[in-house]
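Next up is one chain by itself, shown in structure tokens, the form predicted alone.
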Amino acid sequence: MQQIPDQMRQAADAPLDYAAAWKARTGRPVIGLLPMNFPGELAHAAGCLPTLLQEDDEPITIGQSNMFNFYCGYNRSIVDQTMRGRFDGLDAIMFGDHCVQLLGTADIIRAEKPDLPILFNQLCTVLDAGWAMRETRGTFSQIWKELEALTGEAIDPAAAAQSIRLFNRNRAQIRALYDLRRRGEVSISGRDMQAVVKSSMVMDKDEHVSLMDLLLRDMPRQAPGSGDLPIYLSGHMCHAPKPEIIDLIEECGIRIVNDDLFTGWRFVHADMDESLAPVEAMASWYIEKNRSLPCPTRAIKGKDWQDYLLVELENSGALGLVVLMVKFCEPHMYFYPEIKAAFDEKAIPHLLIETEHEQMPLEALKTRVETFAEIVRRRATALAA
């Protein structure tokens, strides 16, 4: 069974190599997507491979002089990869704005790679405004036309509907794995769970669906256990946490029962409505997914991230919260004080870990995580007494 996560991890760890092999095999375009809101379904319906561009592990060198040092590691890595020619095999990059830094990154890519099309969609950020659905529908209609111009082929609405069904199936598969993991019926490490989700962001969707069918069928089932501390993992809006950080958390006797990571539940929690016309379904998906799982880059009256986390913590049976905050991630930095205040008020243990692209002092971090785990254990014992 471990062969399947390993195969997924191979694609997740080298997504551009996977994309190059796919392009050589099929002769079809590869579209790089920047997080978090572009619907891969649309690129797929155009006959392209949508691949979410990932931070890589290389030290940031030649890209360092092209952007500010206070940009987050994801943006600095994307710029560095651009300078190293890693994106030369892409046929276009598409994204919707959600971060000032990401806008700057797109401008740098335009300047360095003038022949690489950058298709940008300005998505509304106030999602309960009266004009939000109309504007979102118009944005996706425009991107539809731009993709047709890029590929030189019309996108059949029936093909778009089929892509929506396929992507929905893949999300449902990953959610089913989350449910099994949350209930303790399967044992899958955080590292492997990241490989499952991250590979779904970069692989051919039919191939990933087939692998998920095998994984769900063959994964050994077990009786729910209660040995490790159930913890909820939150944060990392754009890219995957470093596997060694996930390993360290679990090595301290912690079981991650759920998360709202972008390379996690945030990516798979919302489906598109298959009963709607494709553009309508995409617009509704964009609005509703950010309504059901609040994002610090979007605004909806009465929908706050801290309230969502408190409810999800209880629903998942987690006893504490670990927040992974990317250094210099402004949306997360601005919102975290609200989360901290809400959890302090409820006296729920929580730990903030600031992550970086560069090497982190894991031994010092391990001491902090072990201390947090002991606080959670003592609180659980006190509540049970």
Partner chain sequence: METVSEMPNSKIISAGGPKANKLKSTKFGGKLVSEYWESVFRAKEAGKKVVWYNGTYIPPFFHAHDLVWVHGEAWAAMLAARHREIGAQARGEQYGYDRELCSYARTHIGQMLIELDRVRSGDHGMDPDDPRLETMLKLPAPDMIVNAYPYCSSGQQWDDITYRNFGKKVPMFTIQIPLLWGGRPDAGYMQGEEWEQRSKYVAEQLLELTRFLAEHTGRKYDYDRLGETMTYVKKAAELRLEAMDMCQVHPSPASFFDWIVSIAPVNFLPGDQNLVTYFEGVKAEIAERVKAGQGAVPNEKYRLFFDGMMNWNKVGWLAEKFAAVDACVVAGRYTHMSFWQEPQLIDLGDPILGMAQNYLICPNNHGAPIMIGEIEKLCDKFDIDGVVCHASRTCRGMTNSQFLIADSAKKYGRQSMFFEGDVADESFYKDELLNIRLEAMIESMDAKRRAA
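Model, not experiment: these values are computed from the prediction. Positions refer to the first chain, counted from 1.
Here the subject shifts to the form predicted in complex with its partner chain, a form of this protein not shown in this document.
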query: Which of these stretches, 247 to 255, 110 to 118, 177 to 185, 266 to 274, has heavy atoms within 4.5 Å of its partner chain in the predicted bound form?
result: 110 to 118
- prompt: So which of Asn66, Ser316, Thr355, Asn37 gets a non-hydrogen atom within 4.5 Å of its partner chain in the predicted bound form?
  reply: Asn66
- request: Using heavy atoms only and a 4.5 Å cut-off, determine which of Arg137, Arg86, Lys303, Lys205 is in contact with its partner chain in the predicted bound form.
  value: Lys303
field: Close approach of His98 to its partner chain in the predicted bound form, 4.5 Å, heavy atom
entry: yes
- request: With heavy atoms only and a cut-off of 4.5 Å, decide whether Ala299 touches its partner chain in the predicted bound form.
  value: yes
query: Looking in the predicted bound form, any heavy atom of Gly104 within 4.5 Å of its partner chain?
result: yes
query: Is Pro349 close enough to touch its partner chain in the predicted bound form, meaning at least one heavy atom pair within 4.5 Å?
result: no
task: Counting only non-hydrogen atoms and a 4.5 Å cut-off, give the residues of 116 to 146 close to its partner chain in the predicted bound form.
output: Ile118, Phe120, Asn121, Gln122, Leu123, Cys124, Thr125, Val126, Trp131, Arg134, Glu135, Gln142, Lys145, Glu146
